[in-house]
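Heads up, the chain below is alone and in the form predicted alone; it's given as structure tokens.
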Amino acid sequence: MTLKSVLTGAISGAVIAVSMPASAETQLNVITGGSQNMVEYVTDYLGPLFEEKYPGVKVRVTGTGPGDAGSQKILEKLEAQSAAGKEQWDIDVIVAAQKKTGEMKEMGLLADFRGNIETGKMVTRETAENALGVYVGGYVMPMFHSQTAIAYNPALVPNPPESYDELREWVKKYPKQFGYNGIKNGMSGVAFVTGWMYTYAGDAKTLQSGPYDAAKKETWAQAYADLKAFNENVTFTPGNAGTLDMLNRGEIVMGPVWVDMFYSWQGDGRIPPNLKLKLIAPGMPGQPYYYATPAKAANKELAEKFIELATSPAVQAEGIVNRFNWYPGIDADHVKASLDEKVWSKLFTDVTPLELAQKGKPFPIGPYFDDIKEGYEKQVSN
């Protein structure tokens, strides 16, 4: 798909409004957490696309590094400008991880902008409203969603479990054929454990949204005991990549993975092309990266137009799905018309948009997340 065709598709999708005049000196400052590929996405693709739409605007991007540490640097920069009493801040668009974006919103560092852009109507997942217990509705647009699911070999597992309940019975019949990494060396295992606790600890909604009650963890003993019994019939893997490696070698036939990593490995020929995915009920967690604009961005309107373009169906299709195998930040049904049928079939056949909406869960709020991991160490690992 060419730069021109993507831009044309975005305009025809009615998500870019009238052109906005900008002086030749206008610089839109974007700061992004994440790995280097997040920086390159803006410098090589999204930035030039925006500059073509708005002549006279130059997009400048700075990377701060992956994980919460990278997003913390963004928070600190905004906090410093706020403390200095500056009327205009020199960051227009931020791209940040879920936890730190929620903290920025709580600190009053972000603008309420989503109602000003057309694509704001295209988000449906709960993570657009809730960032690990912090209400962020209006203040963020998801750039993409990373999602976990169960990978399996259909030649050996023609009827995979549909739920955690069915999986518990399956491992009893086929011991050591399911593998995951516990809560060490990778978040795919942590996500699996989180999904288990949502299923069996009770009141998953409170775990995801709060309020926090320290006494709640005292009611989780049976869930942990059942997970410890479950673990007697599983094979432990070295981590995210280790689960995929063991699937490739046939040492296990099923295990939790990150969907984007699964498809990237499959595209590179590192795992067999016949492996498939199942998002089991009642669901498993994933996490977004967010676009947001600071409370006192110097170029507020341009920042909103940038986010609107970045979250348009055509750009989400080409930039997010085609390039990275991520799930789009907007509802997938809005992206379908902009995707090649083969790409859609690859990414949305095993896990449909409806399943994503119903069974794609957020991670717990911070205190409950810490309690879950601590309880696993004390009651399951030992």
Partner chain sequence: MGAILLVAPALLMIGFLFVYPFGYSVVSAFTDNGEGSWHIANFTKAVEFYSKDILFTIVIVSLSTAIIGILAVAIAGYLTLGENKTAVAILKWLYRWPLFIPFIVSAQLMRTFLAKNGMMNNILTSSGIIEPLAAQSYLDWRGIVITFVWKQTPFVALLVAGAMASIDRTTIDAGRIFGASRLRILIELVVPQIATTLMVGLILSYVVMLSVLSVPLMINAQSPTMLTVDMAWRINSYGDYGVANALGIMSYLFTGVVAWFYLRQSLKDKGA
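Positions refer to the first chain, counted from 1. Everything numeric here is computed off the predicted structure, so don't read it as measured data.
This next part talks about the form predicted in complex with its partner chain, which is not shown.
K.L.:
Would you kindly say which of T219, T124, N185, Q88 lies with a heavy atom within 4.5 Å of its partner chain in the predicted complex?
P.N.:
For this set of options, the contacting one is N185.
K.L.:
Looking at P272, P238, P154, G137, which has any heavy atom no more than 4.5 Å from its partner chain in the predicted complex?
P.N.:
By the 4.5 Å heavy-atom cutoff, the listed residue in contact is P238.
K.L.:
When its partner chain is placed as it is in the predicted complex, which of 242-250, 144-152, 158-166, 286-294 ends up with heavy atoms within 4.5 Å of it?
P.N.:
Within 4.5 Å of the partner lies stretch 242-250.
K.L.:
Can you name the residues of 353-382 that have a heavy atom within 4.5 Å of its partner chain in the predicted complex?
P.N.:
Read in sequence order, the residues that approach its partner chain (within 4.5 Å, in the predicted complex) are D370, K373, E374, E377, K378, S381, N382.
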